[in-house]
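What follows is one chain in structure tokens, specifically the form predicted on its own.
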Amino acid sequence: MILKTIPLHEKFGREVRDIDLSQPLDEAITAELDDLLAQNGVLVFRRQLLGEEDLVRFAGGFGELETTIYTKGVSPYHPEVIYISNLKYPDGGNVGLLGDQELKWHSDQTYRSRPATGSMLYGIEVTSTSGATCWANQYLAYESLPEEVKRAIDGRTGVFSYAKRLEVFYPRDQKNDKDLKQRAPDVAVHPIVLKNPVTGRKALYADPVTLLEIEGVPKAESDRLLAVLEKHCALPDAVYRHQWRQGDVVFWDNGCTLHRRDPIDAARARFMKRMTIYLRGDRHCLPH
């Protein structure tokens, strides 16, 4: 079957049309979607009406699903589902996670030794006037680098620090949350350049809010290279900006994209459900 798709951006990303994710998909369609993700980095499915069991079934077709040890924001019905929301309970507690954070470019779980590189968000209550999410293609980021920088980072590993990320995303009381600090070791080491096993393209893997240093390089040179990588990681012509609509499902590959979110109007409700997937290494570039 050839799925009907339209481009999200002239260089990457596809919207998949005429597909109902509430219905079980056969293996051939799932494999076709997996190939589309490998080639495009971001997939969008509009106008979906899904229960949590539908989300779990659909996401589970692409790899092992993660269940987090972080208890806040986890669905009471399916431990693989995380609530992302700015809503609060009557006692002032948060309904979900990341209600007003993640405003800077980043890639999920780079602070872990085995990151789950697949991420999926289902927009149930969203606003069309704020809170757009942007994705930056890291194949294009790598290809835009000066040749001398490519030579300097090819084959190198980087030290990714969760403490650095905490300072960026949780600058208030949450950075001292004991539950939060259990999510990762102090540092993880990953290649700075990943290669896609399907296309052979190289992707920059240099999450700027977590990458602390390049191993085996003097600090001054590491700092210089990190500044160049940050400058190239989200060039304007390599960014897709997604304005959310109710019922949107967005599926992306953290091995070859960064993402960030625009500020959200605090008066506008936001409620999403998130799945995290260990994508397969025979189709996707993995940092482990």
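Predicted, not measured: the structure shown is a model, and the values here were computed from it. Numbers follow the displayed sequence, beginning with 1.
The same protein also has a form predicted in complex with a small molecule, omitted here; what follows describes it.
- Among the residues V189, L103, V198, L212, the one placing a heavy atom within 4.5 Å of the small molecule in the predicted complex is L103.
- Out of the listed residues L145, I124, L121, V159, L121 is the one that sits within 4.5 Å of the small molecule in the predicted complex by at least one heavy atom.
- Looking at the small molecule in the predicted complex, residues D108, W252 and R274 each place a heavy atom within 4.5 Å of it.
- A residue is said to contact a partner when one of its heavy atoms sits within 4.5 Å of a partner heavy atom; R261 meets this definition for the small molecule in the predicted complex.
- Using a 4.5 angstroms threshold between heavy atoms, T133 counts as touching the small molecule in the predicted complex.
- With a 4.5 Å cutoff on heavy atoms, W244 counts as touching the small molecule in the predicted complex.
- In the predicted complex, the small molecule lies farther than 4.5 Å from every heavy atom of L194.
- Comparing 221 to 229, 25 to 33, 39 to 47, 253 to 261 against the small molecule in the predicted complex, the single stretch with non-hydrogen atoms within 4.5 angstroms of it is 253 to 261.
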